[in-house]
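Encoded as structure tokens, the following chain is the form predicted alone, with no partner shown.
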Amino acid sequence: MKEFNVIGKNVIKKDAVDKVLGKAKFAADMKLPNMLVAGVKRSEVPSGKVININAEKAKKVPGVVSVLTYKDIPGENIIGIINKDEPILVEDKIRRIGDAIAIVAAEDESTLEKALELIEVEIEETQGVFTIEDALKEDSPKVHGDTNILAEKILKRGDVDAAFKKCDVIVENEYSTPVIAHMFIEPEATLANYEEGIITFYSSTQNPHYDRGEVARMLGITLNRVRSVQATTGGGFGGKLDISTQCHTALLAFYTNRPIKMVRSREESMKVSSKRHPHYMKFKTGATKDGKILATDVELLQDTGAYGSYGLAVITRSMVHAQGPYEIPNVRIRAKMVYTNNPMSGAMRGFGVPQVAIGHEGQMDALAEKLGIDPVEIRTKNCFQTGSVTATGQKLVDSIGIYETIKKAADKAEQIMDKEGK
């Protein structure tokens, strides 16, 4: 049997010992001489127009070193992991509670908090959209541009309508999934320093190369003048793929020529960090009387919140996986990803796949019940095997272990139930 360096062996996690002993340095633990602390003045309304920003009182507070708004950004004031649609600092339009309006660097935390309170922001609150249904109305307020639809896609294979006519049973159900927060133990944090024309920042991040590019664009400088370092990261699960504190700290360091550290509070993190995309789903699935699935018709409506983040990836992946790990010859999937004034949705383990799993597995149970067969049987009868073809036309040729997995899980469950006398 071939021996591998890692596979089949116990491997010690590289940072395990340092974390257990408390030696690991997270971004919030880092310090540099002459360091300032930083914070963000944020919107308290979900939808509005900024009329005026007055930071004069904040600037006069002893110990305040810098107060910046969008006017102070030397490069581009726009970020986005796939599509660029989120301002680093709001210029005029508020799209969610927590939108960043101004940033402050101060000598200590108490001075910082006082300065943030003294920044006066006049906002004309406007009507927002908070449900997918409202976002899709023709006369709805628009979060971006002239439509609230970020993306609309269709995936088809075979002839769904003809296949339904051959089905002995058809089940139709609606499913929904809520907003979910990552709740990583470590909130977002960055320490930035500008020295000899080079901006260096240490971040709690999952995406240091993306961070580097966005900071360079914001400052209007070349990539070779930006150094992005991923500090020990205390949890992410996709939630630290987007920009959080990186641009704000880098901008303040650029202006002050002093090290800047920003650490989000738990409340702030919950307010503005990305979330899992809420889904509303309609599933129609048909099968023969012996449990063989012939067709599925799926409609997916998804909420990306105020900004796109990974929405364009989520809509694609959710569609590709909406049929589940089952070979279905006739598939039709329609999806829309919409903007609302809700918290931004982004990457979270699975990119839309866990949401649609609620739907396709619910359908399997519903079919089994209607046909009077075991839920395990209907899954093993339809699950992918070597040679199966997916809705996108991909032929599966290797490592198709779902049949064995289902059987082993069912056998184990049966053993446990027998042991417990159920």
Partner chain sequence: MEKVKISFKLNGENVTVETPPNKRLLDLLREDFELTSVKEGCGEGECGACTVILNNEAVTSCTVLAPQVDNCEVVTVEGLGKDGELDKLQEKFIEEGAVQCGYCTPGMLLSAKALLEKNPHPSRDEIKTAIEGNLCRCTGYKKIVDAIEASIEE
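All values reported here derive from a predicted model rather than from experimental measurement. Positions refer to the first chain, counted from 1.
The next section is about a form of this same protein that is not shown, the form predicted together with the partner chain.
J.: Heavy atoms within 4.5 Å of the partner chain in the predicted complex: which stretch in 287 to 295, 180 to 188, 141 to 149, 250 to 258 meets that?
T.: Stretch with heavy atoms near the partner: 180 to 188.
J.: Since only the chain is shown here, I'm wondering whether G234 would be in contact with the partner chain in the predicted complex (any heavy atom pair within 4.5 Å).
T.: Yes, G234 lies within 4.5 Å of the partner chain in the predicted complex.
J.: Taking heavy atoms only, is M35 within 4.5 angstroms of the partner chain in the predicted complex?
T.: M35 lies outside the contact set for the partner chain.
J.: Wondering, does Y70 line up within 4.5 Å of the partner chain in the predicted complex on heavy atoms?
T.: No, Y70 sits far enough from the partner chain in the predicted complex that none of its heavy atoms falls within 4.5 Å.
J.: Can you tell me if L89 lies within 4.5 angstroms of the partner chain in the predicted complex, counting non-hydrogen atoms only?
T.: Answer no; every heavy atom of L89 is more than 4.5 Å from the partner chain in the predicted complex.
J.: From first to last in sequence, which residues of 13 to 42 have any non-hydrogen atom within 4.5 angstroms of the partner chain in the predicted complex?
T.: Going through 13 to 42 in order - heavy atoms within 4.5 Å of the partner chain in the predicted complex - the hits are K13, D15, A16, V17, K19, V20, L21, G22, A24, K25, F26, A28, D29, K31.
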